[in-house]
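The chain that follows stands alone, in the form predicted on its own, written as structure tokens.
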Amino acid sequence: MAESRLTALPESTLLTLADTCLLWGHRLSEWCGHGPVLEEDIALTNTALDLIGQARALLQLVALRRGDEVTEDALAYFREPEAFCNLMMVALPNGDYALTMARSMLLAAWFVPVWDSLAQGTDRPLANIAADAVKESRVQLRHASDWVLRFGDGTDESRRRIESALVSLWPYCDELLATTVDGTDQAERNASWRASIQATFDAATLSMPALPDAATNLLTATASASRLTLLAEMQSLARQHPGASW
């Protein structure tokens, strides 16, 4: 027990990862029954389940370390929105399929080096979670990158959609790259992210979009408003029936 306390990473890192996975998984679950083809409907549902599974494992770890009868459900359903530590990008509405695939690629390319690094870390319970999560994130990255390639190297309309999606998402990448994840090397992680994204852009003959002029507080306000709506829906049933078991 003494060793685990010495090597355990800060709770803030666990919550950043957990909340990002939870909200992104919820967003992807909104595609269930609405995918462009049946195979994609199933693929996105499976990805959503992977992300929610990662969030559960991390929230269980936070609850275990807090003690005092804290549970994963309490952390997911009864924290207020301002207590969530998610990356802003995941709270945004889904938009069209090009936007969803672009966002999936950007996030998975970030998660792969994060999980890979944490899987080799000294926080062993977290390392065990990360060892499974990195495999799932690699599948997500391959799937999303294939779609970005199809959009970019397809018709004029598909190319217009993916370029529009990247322009709208790109400002949120600043926060993604600046986020501190204890137990990882930020410079190496970001270099891996850029290399992965650049390889897909090159194959799709897409250019790295320029950052538009946008105030950070405006981006934060937009994402915060989206998070309020998302959490109101996600938490509504548990809050209407607190203490219920299913």
Partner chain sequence: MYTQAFDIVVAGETSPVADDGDVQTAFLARIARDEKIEPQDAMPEAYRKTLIRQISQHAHSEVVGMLPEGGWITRAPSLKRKEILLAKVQDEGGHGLYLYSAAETLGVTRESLVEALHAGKAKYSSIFNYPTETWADIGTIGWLVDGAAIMNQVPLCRCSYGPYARAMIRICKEESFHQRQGFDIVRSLCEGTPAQKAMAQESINRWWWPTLMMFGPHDSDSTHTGEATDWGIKRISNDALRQKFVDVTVPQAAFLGLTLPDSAIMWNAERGHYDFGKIDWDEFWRVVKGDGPCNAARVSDRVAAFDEGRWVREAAAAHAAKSALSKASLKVAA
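Positions refer to the first chain, counted from 1. All figures in this text were calculated on a predicted structure; none of them were measured in a lab.
One more form of this protein should be noted, the form predicted in complex with its partner chain, which is absent from this view; the next part is about it.
Using a 4.5 angstroms threshold between heavy atoms, R124 stays clear of its partner chain in the predicted bound form.
Taking non-hydrogen atoms only, R189 never approaches its partner chain to within 4.5 angstroms in the predicted bound form. Its partner chain in the predicted bound form is not approached by L17, whose heavy atoms all lie more than 4.5 angstroms from it. Taking the partner from elsewhere, E72 is found to have a heavy atom lying within 4.5 Å of its partner chain in the predicted bound form. Proximity to its partner chain in the predicted bound form, defined as a heavy atom within 4.5 Å, singles out one entry of A144, L87, A98, C173, which is A98. Think of it this way: in the predicted bound form, its partner chain has a heavy atom of just one of A119, A76, L169, L92 within 4.5 Å, and the residue is A76. Residues V62, G67 and P81 are none of them found to lie within 4.5 Å of its partner chain in the predicted bound form, as judged by heavy atom distances. Contacts with its partner chain in the predicted bound form, taken as any heavy atom within 4.5 Å, map within 41-56 to D41, I42, T45, N46, A48, L49, I52, G53, R56.
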